[in-house]
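A single chain comes next, written as structure tokens; it is the form predicted alone.
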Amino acid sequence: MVSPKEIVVRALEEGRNKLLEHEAYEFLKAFDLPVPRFGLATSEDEAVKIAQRVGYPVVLKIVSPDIVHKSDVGGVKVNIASDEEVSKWFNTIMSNVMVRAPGARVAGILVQEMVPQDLEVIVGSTRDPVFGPVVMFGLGGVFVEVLKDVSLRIVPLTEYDAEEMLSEIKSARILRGYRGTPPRDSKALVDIILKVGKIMESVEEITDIDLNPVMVFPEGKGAKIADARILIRRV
């Protein structure tokens, strides 16, 4: 099994400042973070086998260091429910990319579990030039994009810090349950926040982590990362 450090070093040796999607999931999984079931397919048959292992429905995403916005090149398909659809969309995505992003390097197609829709939150981190590693938490969608409703803490974090981060955002009441919606699994969120802080402490090559969205389920049912972006640097 490849270590997290080896994943980062390999990417840097290839001249990249970002982990590819499957690398990001492998990296996060090594820190026991709740990533979806996934696999990287380089052929139609391999995509079908991975989908069967992952379990339907699945999402297909093009994996390329040269493509930033996958949907712009027809590189994403969600809610795929059968082997036949996987085969069809594997070939369609590959064709789309060849036409709309000629010359782009393609590592393959990520086949991942389609994470059930629920309350979306964001957990992220960056290295501030003055304060060092800082971890951020907020609710997703309009709360972070328009209202900028987030909480921040400087690493290292304690469990108390992470719990405070959940409670001090203006929209915290939604996490506790609002108008008939159940309370969300705050323990799972605290765990994710603490582990992101530990990554920033232990792997100096990581400059930014963006887990967006993280689906947080009702109390006792955990949370799962639906998409992840990790930026890296040489140190």
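The model shown is predicted, which means the values in this text are computed figures rather than measured ones. The numbering used is simple: start at 1 and walk along the sequence shown.
Beyond the structure shown, there is the form predicted in complex with ligand ADP, which is absent from this document and is the topic of what follows.
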{"property": "In the predicted complex, segment of 107 to 115, 121 to 129, 156 to 164, 83 to 91 with a heavy atom within 4.5 Å of ligand ADP", "result": "107 to 115"}
{"property": "Residue (of V59, L189, V48, I169) lying close to ligand ADP in the predicted complex, criterion heavy atoms within 4.5 Å", "result": "V59"}
{"property": "Contact test in the predicted complex: E21 vs ligand ADP, heavy atoms, 4.5 Å", "result": "yes"}
{"property": "4.5 angstroms heavy atom contact with ligand ADP in the predicted complex for K195", "result": "no"}
{"property": "Distance check, S95 to ligand ADP in the predicted complex, heavy atom within 4.5 Å", "result": "no"}
{"property": "Interface membership of R53, ligand ADP in the predicted complex, 4.5 Å heavy atom rule", "result": "no"}
{"property": "Any residue of 214 to 235 that, in the predicted complex, places a heavy atom within 4.5 Å of ligand ADP", "result": "A226, D227"}
